[in-house]
Structure formats: C-alpha cells, structure tokens
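Have a look below at one chain only, the form predicted alone, in structure tokens format.
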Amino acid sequence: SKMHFIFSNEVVLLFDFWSVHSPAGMALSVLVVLFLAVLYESIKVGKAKLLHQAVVSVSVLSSQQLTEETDQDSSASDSAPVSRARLRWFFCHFGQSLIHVVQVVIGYFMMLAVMSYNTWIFFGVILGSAVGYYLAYPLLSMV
C-alpha cells in the first residue's frame, strides 16, 4: 500500500464498488467528495442553529419555572407551557444528537477518502471544505 500522495486516475474509495479507473470517474469522484465536504460544513452550521434553539428553549423553561415558583398565590398551576418547553428542548437535543452522528460519519468518510493518498481526492476535500465554509458560515449570523 502506498504511503505517499500520487496523481492518478485509478483509486478505490471507501468501498470496493467505488473503484475509479478513468479521468471521468476521477472527476465525478472528486465532485462527490467535494459535495461531502460542503455537506459537512453545512451540518456544522445546522448544529449551531439547533444549539441556539436549545438554549432559547432552556431559557424559556427556566423563566417559566421561576415565574411558577414565585407565583404562590395562584391556586391553579398551569404546567402545560413548562411541559411544552421541556418537550421542545428534548426534540432540539435529540435533533442535535442525530445531526452529530451524521457529521461524524461524513467526517470519517472524508478522512478515509484522503487516506487513499490520491492527490485529486485530497484537493476535492480541501476545496469542498473551503467552499462549504464560505457558503455556510454567513448563515450563522441569521441565528
């Protein structure tokens, strides 16, 4: 097995069925890897947005609990808004967990693709990460 980067049109990426033997196949493989890198960067932004929603849910939950605790005079305590806030926080946290798993899987796929030591694939990952960062991170300001 080669342990140095090479420029070649032949490589096996990630799975036996992803075997590249032509310049067109290499170009398509580089595009797929580039897309995975863009997706990876986009997922990082999605996780940040979900984290923001979870923090907002927790702050709403805390303020509602504080209001409920200080409101000793009311005879009928309304716990439905608190339950909805807890449920919303749970779904945000569950969504973050799922997105994290997808991000880890895509990250390892990209790492294994780079470990093919094919220079074209390496360039695809680097360019995809740059494009993904350029496109996705301005969306964070919209949080």
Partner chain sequence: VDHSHHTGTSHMADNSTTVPPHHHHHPTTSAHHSHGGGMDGMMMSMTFYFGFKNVELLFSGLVINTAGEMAGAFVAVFLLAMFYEGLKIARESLLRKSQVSIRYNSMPVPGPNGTILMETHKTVGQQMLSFPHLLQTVLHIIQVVISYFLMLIFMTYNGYLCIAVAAGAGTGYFLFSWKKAVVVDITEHCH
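Owing to the predicted nature of the structure, the values given are computational and were not obtained by experimental measurement. Positions refer to the first chain, counted from 1.
If you look for the form predicted in complex with the partner chain, you will not find it shown, but the lines that follow are about it.
- Taking non-hydrogen atoms only, Met3 approaches the partner chain to within 4.5 angstroms in the predicted complex.
- In the predicted complex, the partner chain sits within 4.5 Å of a heavy atom of Gln96.
- With a 4.5 Å cutoff on heavy atoms, Tyr108 counts as touching the partner chain in the predicted complex.
- In the predicted complex, the partner chain lies within 4.5 Å of some heavy atom of Leu140.
- Shown without its partner, the chain has Asp16, Ser19, His21 in segment 16-31 as residues with a non-hydrogen atom within 4.5 angstroms of the partner chain in the predicted complex.
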